[in-house]
Every structure is written in structure tokens, then in C-alpha cells.
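Here you get one chain, nothing else, as C-alpha cells; it is the form predicted alone.
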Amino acid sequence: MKKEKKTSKTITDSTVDPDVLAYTVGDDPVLDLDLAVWDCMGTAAHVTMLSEMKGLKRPVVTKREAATVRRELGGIAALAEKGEFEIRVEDQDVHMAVERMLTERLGDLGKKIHTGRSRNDQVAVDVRLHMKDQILRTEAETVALAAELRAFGIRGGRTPLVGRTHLQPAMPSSVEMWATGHSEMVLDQLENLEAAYRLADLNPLGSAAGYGVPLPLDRRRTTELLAFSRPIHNCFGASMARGECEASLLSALAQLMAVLSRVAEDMILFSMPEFAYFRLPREYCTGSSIMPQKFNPDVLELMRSKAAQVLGLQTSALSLLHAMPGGYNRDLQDCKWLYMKGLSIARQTQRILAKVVAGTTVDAGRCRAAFTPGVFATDVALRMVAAGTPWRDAYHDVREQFAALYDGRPAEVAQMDPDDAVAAKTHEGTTGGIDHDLYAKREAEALESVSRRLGVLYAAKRSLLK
């Protein structure tokens, strides 16, 4: 007897081989749970626009019907926010799950909501709304970490700290300069996140499968309803921009993680017993299964690993895109996991690093004890310049003294007081010229911008799903 071939039914296909269905669906039933509220929001805007379309003999959806759909979408979104929304394998994704639920509740009216729309522009809208929300929340956490580093600098103050190049002692620095330098680098990552935000803030809805539809869709209206800055004008370009958006965000996250990894590496080095400038909080260190004395900086070491992971995710996204033909291709589905994973890693890393920084203390005695005469070499040469010696002559004179020491020959070298050396540099941005008000202003402005834009986004959500 011939064995009957198993198939599964979906909302878009009559029958699909279950292995093929599982392979193509992938992780979407899990990943798309994060998009459910945004899918409801995008659908509400689309249905509202359909009810307002001009030039048709009869409306696709009446305004009363649109209000009914929005009310049901609000209920589905509420389920999603409570973790009670389910995406079945047969649904394939969040879009079909929402359509299925609307059809179950509203009958033929639920079957109308996809008019003039493709899952291509639908998922692009969901992803961009999700990204806008997540980028702004990431920016707020970036500011929080920068502020924590600045606070560490204030606590450490002008405690002398050996500045290093090539990991070798170089010139006098301070705990304040080290901490606020990293703080500024973290704050500067807002520029990259903002670039990703600007790309995400463009509306692809109405591009359908990438070529538009023969209906008088009002793309400006959905742009207004969804609080996007403007529509992506070209429908074909709107379809192709989906992967670009994810890659742009991953690029920003990779650069952010590279900065965080460098903070972590400095903290690992400076907390080593050989340095002992910093003492990490015990509750953020782990032990050994065999060595009872160990308090290991595992959490900071993992930040280096996580930075490498996000860089790999960025590379994966760009590799996925680089040889893809124009128009929609299913490869783009895999971009979703890449950017979501990158966001998760970066946000978690920032929150944990802020905790570690907040609990770390400074051993001022060990910091000062690390100053050897060589750290003051440049300062000594510049004192000679101030007394009238040409710079290059002063440089070679001092270099010869330290070369003699290096070679084991007798030499007299000047030893300065570390605190005096730190206080002697007063120009902008050096040990005696750190402007905390400048950082505080940047932090406040960034948080105000984040709060304002989140307010606009969530006001649009409430208006559509009330």
C-alpha cells in the first residue's frame, strides 16, 4: 500500500510539506512575538487608510468597520503585552496569526485587512517600529552607562593614574580623565545609533511586494498615523531597504560593543594584583571550582566575547545582503534574528557594565605608587622648553638619560610628584580641565530627545489601538 504523503495547511498555501514548512518558518513563531504589538499597530494604520481611500465606487472597508478592526487589534495587542499571544507553525508568522484571529472574530471583515498589502511591507513596518522603540531604549541605557562612568570619575577625582601607550607607562593621567574619557566614547556612540534610527524612521508601508498596487493607497496618511518621518518614496527601494536597516543597526551596535569591550579590558587590567588600581565588587566576580582564593572578572571577560559576537552578527547581515538580487528574497527573514540578538546582547552588556562600574572602588595609594620617573619624562622635557631649550634638544637630552637607565648605565633622572603633575595640565580635556557640565548637558539633551520620541511613538500606538 502506498504511503500517503503528509502535508500541512496554512492561511496562504493549500498544502505544504511539513518539513519544508518548518524549515521556511524557522524561528519566526518565537521571534515574531516581539513584533506582535507593532504588527497590530501597522495593521490598524493600514485599515484606517483603506477606510479613507478616495476614488473607489465602494469602500474596501468602511470607517465603522475600520473602528471595529482597530478595537479587535487593541485586544490582540493587549494579549501580546501579557505574553498570551500565540503564533502557530501553521500561521508561519505574526502577520498571519493576527489575520487568523481577526477572521475568527470578525468573519469576512478580517479577510479584508490584507487588501493592498504584502507580508513584505508588513514585516518591514513591524521591524522598523520595533527598531525605533529598541534604539531609543538602547540610547537611554547608553546615556546611563556614560553617566555611571562620569560618576566614577567624580569619585576618583584627580587621583593620579599612570597613562599608558602600548600598555607601557607613558604620561601622568588621572582616574577622572580615564573614566570621563571612556564616558565620552560611550556617549559618542549615540551618533551611530541615531544614524540607524533615521533609517528605521522611514515608512515602507504601501510598497506591497515591492512594486505597489493598483489602488489609491495614501502612503502619507499611514506615515502620519505611524509617526514615521516620511515614506520611502520608491516602492522597489522600500522592499530592498529592509536588510539595509538591520545591517545599519548591527553596525552601530558592533561599534558600541567595541567601546564597551575596551572599558571592560581596562578594568580587568587595572584590577589585577600587579596593578590593583581598582577593586571590582565581589558580587560581580566568580569563583573557581578548585582555587578558593579566586574572584575572577568573568563578567568583564565575557564582554569581550559578546563584542566579538555582535561584530559577527553584523558581518552575517552584510554577507547575507551583498550578493542578493533586487526585490524581495526569503534570505531577508534571517536578518530578523541577527538584529534582535545584537540588540539583546548590547542592551544587557550596557546594563551590567553600569553595575560593575558603580560598584568598583579606587586604591589611591596603589595608583600613586605606580609612578616611576619615566612617566614624567615628557613633563621634564617641557620644563626645559619653558626655560628656553629648543624642544628637540630637550627631547634628546631627556631621552639619553632614560636610555642610560634602560641600558643599565648611571643617570640622574627627575622624579616629580604625581599630584603636582596632574594639577599642572589645565587646558581643555586634560587632567586639570575636565568639564563635567559639558557631559551632563549632553546626557540631559539625549535623554530628553529619547523621552520625547518615545512619547510620540507610544501616543501613535495608543491612538490606533484604543
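Everything quoted here is computed from the prediction, not taken from an experiment. Heads up: residue numbers just count along the shown sequence, starting at 1.
There is another form of this protein, the form predicted together with arginine, and it is not shown here; the text below is about that form.
With respect to arginine in the predicted bound form, the three residues Thr138, Arg351 and Leu353 uniformly fall beyond 4.5 angstroms at the level of their nearest heavy atom. Although the partner is absent from this view, Gln333 contacts arginine in the predicted bound form, with a non-hydrogen atom inside 4.5 angstroms. Heavy atoms of Asp28 reach within 4.5 Å of arginine in the predicted bound form, making it an interface residue. Arginine is not drawn, but in the predicted bound form it has a heavy atom within 4.5 Å of Val123. Among residues of the shown chain, Asp93 is one whose heavy atoms approach arginine to within 4.5 Å in the predicted bound form. Of the candidate stretches 255-263, 292-300, 324-332, 385-393, only 324-332 has residues whose heavy atoms lie within 4.5 Å of arginine in the predicted bound form. The partner is absent here; in the predicted bound form, the one residue of Arg221, Lys341, Arg100, Arg119 having a heavy atom within 4.5 Å of arginine is Arg119. Residue Arg242 is the only one in 233-262 with at least one heavy atom within 4.5 Å of arginine in the predicted bound form.
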